[in-house]
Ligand SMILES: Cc1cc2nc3c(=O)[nH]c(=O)nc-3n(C[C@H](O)[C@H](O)[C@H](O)COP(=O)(O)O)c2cc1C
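What follows is one chain in C-alpha cells, specifically the form predicted alone.
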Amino acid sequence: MDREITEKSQRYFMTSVSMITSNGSKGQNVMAAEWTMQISYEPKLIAVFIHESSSTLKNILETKQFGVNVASEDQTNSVNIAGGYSRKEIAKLDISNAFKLLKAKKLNIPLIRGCIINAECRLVLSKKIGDHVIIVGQVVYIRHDASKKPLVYHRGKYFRIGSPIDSFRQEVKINSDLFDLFSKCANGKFVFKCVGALIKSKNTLLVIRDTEPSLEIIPYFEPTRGHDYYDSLKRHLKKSGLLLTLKPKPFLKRLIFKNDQRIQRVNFILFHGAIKKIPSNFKWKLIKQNSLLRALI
C-alpha cells in the first residue's frame, strides 16, 4: 500500500474530539483523542484509542478509571493544549487559561467544564490493536449540555456543524380512514416500515378490495425484523390468494402521510410484480384517482 496515499487519505475521516482526563501517581492529566465513541447502550460503554506511550494510558491502567469530555465548538484552545503537549513536559491542567475543571460525581478524576458531554468511566477492557491500545470504560455517571455544539475535526482543521439536512420525504395527503389505519399499525413508531407489491396494468394498480373505498391500498404488510423482505412478501401474497411473479430488485419510497395536522412517516420497500388472474378480494384502481398510489409508482 502506498504510504503517501494512505497518510493523505486518513485525514479525510471526520471525527469529534474528546479530552480524556485521568488521575494517578504522576498527577492529573488530560489528552486529546479523536478516536472516541460509544460502543454499547446497555451497559453504556465508551471506547478510546490511545497510543501505548501515553501518560494517560499509564494513569488509566493504574487507577482503572478515566473521564471522557467531548469538546464543544468553543474549546479549540483547550483541545490544542491537551493534544499538543505531554504530561512529561508540563502539568497541562495547571495552565490557568486553558482549562476550567468540573468536579466528578462518582470517581476521583478531573473533568473539563464547558464540554458537550462529560462521562465518568470505570475501565473494563484494555487491548493493544495495531499501533494503539483500545480502552473501554463502563459509564458510571454522565451529563450533557444541550446548549453546546460539538467540535468537528477534518483534514487537520476544526469545524462547526451546520444546519440539519432534512432527508427527503414526499408528502402525501390521505383521508382520515387510511391515516388511522397506518397510525394504528405504526403504534407510535417514528417511522413505520412496510413491504408491498406494485402490480400495474396500464393506468391502474392492483389494490385490496375493501368494504370502505377509503381504505383501498396496494398489497402490503409490516415485515418481521431479521426476515428477508422478498421471500416474506411472496409468502404474504400467496396467503392473500395472489399468484404472481415478483421482480427481485426492490426500490424505496419514503413518504410523510398527512391528514389535517397529523403526520406519520412511512417507508415502503416495493417490488414490481405481474399477475394474470385477479382474485375477488382485489381490484384495479386508477392511479390518478388516488394520491397515495400516485406517490408509490
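Position 1 is the first residue in the sequence shown; the rest follow in order. Bear in mind that the values here come from a model prediction, so they are computed numbers and not experimental data.
The next section is about a form of this same protein that is not shown, the form predicted together with the ligand.
- Among the residues V70, V266, L233, M31, the one placing a heavy atom within 4.5 Å of the ligand in the model of the complex is M31.
- Taking a 4.5 Å heavy atom cutoff to the ligand in the model of the complex, the contact residue among I135, I199, A82, I112 is A82.
- Within 4.5 Å of the ligand in the model of the complex, a heavy atom is found for all three of V17, F49 and Y158.
- Contact between Y153 and the ligand in the model of the complex is found at the 4.5 Å heavy atom cutoff.
- Under a 4.5 angstroms non-hydrogen atom cutoff, the ligand in the model of the complex has R87 among its neighbouring residues.
- Taking the partner from elsewhere, F251 is found to have every heavy atom lying beyond 4.5 Å of the ligand in the model of the complex.
- Looking at Q65, you'd find every heavy atom of it more than 4.5 angstroms from the ligand in the model of the complex.
- Per the 4.5 Å heavy atom criterion, the ligand in the model of the complex is contacted by stretch 52-60, the sole one of 257-265, 52-60, 242-250, 39-47.
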